[in-house]
Structures are given as structure tokens and as C-alpha cells.
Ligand code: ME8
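We begin with a single chain expressed as C-alpha cells, specifically the form predicted alone.
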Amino acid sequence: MTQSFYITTPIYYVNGAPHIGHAYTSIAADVMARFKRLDGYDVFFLTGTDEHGQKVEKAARDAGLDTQAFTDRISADFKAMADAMGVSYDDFIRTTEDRHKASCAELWRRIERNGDIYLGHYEGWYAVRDEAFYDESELTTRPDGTRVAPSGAPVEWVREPSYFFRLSAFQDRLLTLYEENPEFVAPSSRRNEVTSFVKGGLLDLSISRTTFNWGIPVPDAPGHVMYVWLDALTNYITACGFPDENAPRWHYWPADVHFVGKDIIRFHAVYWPAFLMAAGLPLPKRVSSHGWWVVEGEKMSKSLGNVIEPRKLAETYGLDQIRYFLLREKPFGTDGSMSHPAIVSRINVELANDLGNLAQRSLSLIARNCGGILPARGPATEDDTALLTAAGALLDLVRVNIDRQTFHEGLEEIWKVIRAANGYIDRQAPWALNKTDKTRMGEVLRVLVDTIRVVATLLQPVMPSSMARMLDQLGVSADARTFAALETPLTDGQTLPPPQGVFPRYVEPVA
């Protein structure tokens, strides 16, 4: 039976347009989903939009729109962004769907039935922008007297009737979870942050609101809507068919990895497992959080006018080029800076020169000196064996990095082989061998084709369309591009199509 693998992005909040941070999370998750599919897994990949809460209600009001019409428009824009960035999701969930409302109601009932929900009243500091409650100790005061949360969002004092979740009762179980499953939260800096937060003591969590109504109604409690994070987090089981545990997708749960931004790690690594424990449901296996992008050294903000629209970025530099840059430029779990020179350098040095030129030189020599016929392998020299061995070891190395979400390290392993292949072609000089030893020339070119095939196959998840073109030129049929297919050699003597450049250099537009 094929092993299943379930990957999620966070569901994106529809109070504004999608930006590069949303695209980054989605592309990283997409790379893992594509990799696992090529590695033989039965993958379920979920993304979508989070559409309830006070902040959405306010954004719709500010836009002069009916709340549902507003969420319809913004959600459609997020879906269009995912499609434009090549995100191969299997389901796009919206929290305003009936299936999700039914799922949330059942999760609530199960938690309530187990005695972990009680009615009280909430009095404390609340940040509308974060849709989160904060303790006094977490707040700071600005010079103008405004109290703000750790995120910088202003807070306001609220008092209202509220249902509470007994989060305090799960402190020890959560700490045991982190201790027994050190890979549950990644990277380690975020795990330490989460562990420290829980060790500091957990207060019961307000999980209903009565001061607005744009949310999922609490079962049997008129006037109460569910706390937006209880609603939002439930999407991950809704998409699997919950509460129908005979649903066709239920076997995917628990999720293998939730991809999230570092700003929402607390909700996914503390609240979410506690909710699931309270409902008697299995826990996800891993929560992997990423850092933020800054632009030219400055944090993105609307006031600075430097918020990056991912589709425009792809139009400027190329979709696959941007996908590559985002995963290559910085470690997934840390912050990183995005700049025009950095993007151009990755495109021109690594894609156009290192990989593109390697493939173009090798295939052009076959077209020109071998009649476009794929040469056979010959007796391997020490130089041949070194390169082919390095290429053969790549899959296992990259597989480990994908599972750890150390995408930049996996790409560096691939680039080590690309650099080695460029050194090999320079040392072997097949253009010179064409005049002295045509047989050996063919053997050298075959080593290069076999190496480039491995590289292009492993790079498919990152740059799907570019690598499809490269594999076409290597004579790899569309049904032979899985990782398992690498074990079957290419057919000697097959005719290769005329070579064409895959990665053009980026040239500055003329002003």
C-alpha cells in the first residue's frame, strides 16, 4: 500500500491582499508535496483561506462591502496567487464553507463533552489585529501611552461573557509532547520559544466572543461565535472529512507537517495540540515555521511602499527563477533579505551559468558531434566514477533535507554536483577529444547527460516547468521522471531533440 503524506500551509487571513510571505510558505509546502509525489507517496496538500473574525468584519466595513462578498473577493485572489505561483494543492478550503462549520461544531462538542469547556466572562487585553488575547506581562507601552502586544499591535481592554478552554490543564501533556518528540516543532529556536512559553504557565483560553457575529456559532449558545483560532485551526481536519472518520480522506490525518510563519507558531504548537488532545484526536507530527523576508534590509510595510506582490515578482524574473531564489537564498526557519542584486545573482550565476550552461554545452556537443544520438556508457575512469557516485548519492542527501525543511542545504548538495560536473567537463574537454578520441568523447558526454538527468529530476519540485524542458532535451520520457525511474538507465542510441537554452541571463531593462 502506498504511504500517505499530508502537508498543509496555514490558511491565509483575508483581511488584505496576498504578499510574498504568503507565496513563500505556499511554495515551500509545494516543493515538499511535489518531492513526496515523485518519491512515491500518496500526497494530500491543503491550502486555503481563514475568513472569520473581528478583523475581517472591520476590513469589509472599511471597504464598504458585505462581509461575505469581501471574503469571496479576497479568497479568490489568494487562490489565483497560488495558481500563478505553481502551487499544486489538492484542496483549497474556506472557513465559510458548510463542511467547515459542521466540523467546528463537532470539535467543540467533543471538547465540551470531555469537560474542557466552561462558561465564564473574559476581562483583559485583546489585539484585534492579531485576533489574540495577551497577558499584562506581555505588553509594552509606547511613548504616546498606547499599550501594544509583542507583535506591535495595539490592544484594548475588553470584558464580555465567554466560554473558556481549560488550556491550563494541558501544560504537562504539552511539555511531555515536546520532550518526547523533539522534531514536533522546527526549527529548534522555535521549539525552545514554545517550550519556554508553556513552562511559564498556561492560562485558560477564551474561545468565544459576543461583541461581533462574523464567525461560526457556538453550538447551543445563542450570541456566541467561536474564537477565530479554534475555527481556523480546525480546517486541517475538516479537509480530511471530519467528523466522518469513514471519509475517503480521513486516512491522511494526522498531518505530517504544518507549514506556518513564525508569528503563528504559538497557535499551532500550543493551542492546536491541546484542542486535539481534549477532543481525543491524533496530533500532527510536525509544525515547521519559517522566518520573514525583508526588502533591501527593511521590513515590508504598506507605509514604506515596499510590500512585494509575488505575481509581479514572477513576471519580472520568471516563476521558476523566483521559486528557486526563495528556497535557496536563506534557511527556511530564519529571516532573510530580498534584493534585486541578490535575485539577479542567483539567476545569472547559478541558473544561467552553472546549470544552464552545463546542460547547453553538453547537449550542443552531442547535437554537433554525435548526430544528436545519445552515446553509450564506456568503461568508467576514476574521474567518471567520482562524478557518477556523487550524482547517485544526491537523492538520499536531498531527501533528508526535504524532510527537515532545510531546503537551502538540499539545493547546495545539488549545486555541489553541478559544480563538480562543470569541473569534469573542463578537465575532460570533450571538444578536444572530438579530434583525438571520438569514442571517449561520447563516453564523457554520456556521463554528463546521466549526471544532469539526476540533477534535473531532483530539481523538478523547485522548478517544475524549467526542469520539464531540460528533461525533454535529455530524452527522458514524461513517465520516467520519478525518483524510482533514476534506477533505469537512458536508452543508448536514442535521438535527442535539438538543445535549447532553459535559463536566459537576466538583462537589466533599458531605461
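Since the structure is predicted, the reported quantities are computational estimates derived from the model, not experimental observations. One-based numbering along the sequence shown.
Absent from the display: the form predicted together with the ligand. The rest refers to it.
Of the candidates 274, 391, 117, 233, 233 is the one whose heavy atoms come within 4.5 Å of the ligand in the predicted bound form; the others do not. The contact residue chosen from 217, 291, 372, 86 relative to the ligand in the predicted bound form is 291, the criterion being a non-hydrogen atom within 4.5 angstroms. Using a 4.5 angstroms threshold between heavy atoms, residue 503 stays clear of the ligand in the predicted bound form. None of the heavy atoms of residue 100 is located within 4.5 Å of the ligand in the predicted bound form. Of the heavy atoms in residue 21, some are within 4.5 Å of the ligand in the predicted bound form. Among heavy atoms of residue 323, none comes within 4.5 Å of the ligand in the predicted bound form.
Shown here without its partner, the chain carries 7, 30 and 255, none of which come within 4.5 Å of the ligand in the predicted bound form through any heavy atom. With the partner omitted here, the stretch from 351 to 359, 375 to 383, 258 to 266, 176 to 184 that lies within 4.5 Å of the ligand by heavy atoms in the predicted bound form is 258 to 266. Along 25 to 40, a single residue, 25, places a heavy atom within 4.5 Å of the ligand in the predicted bound form.
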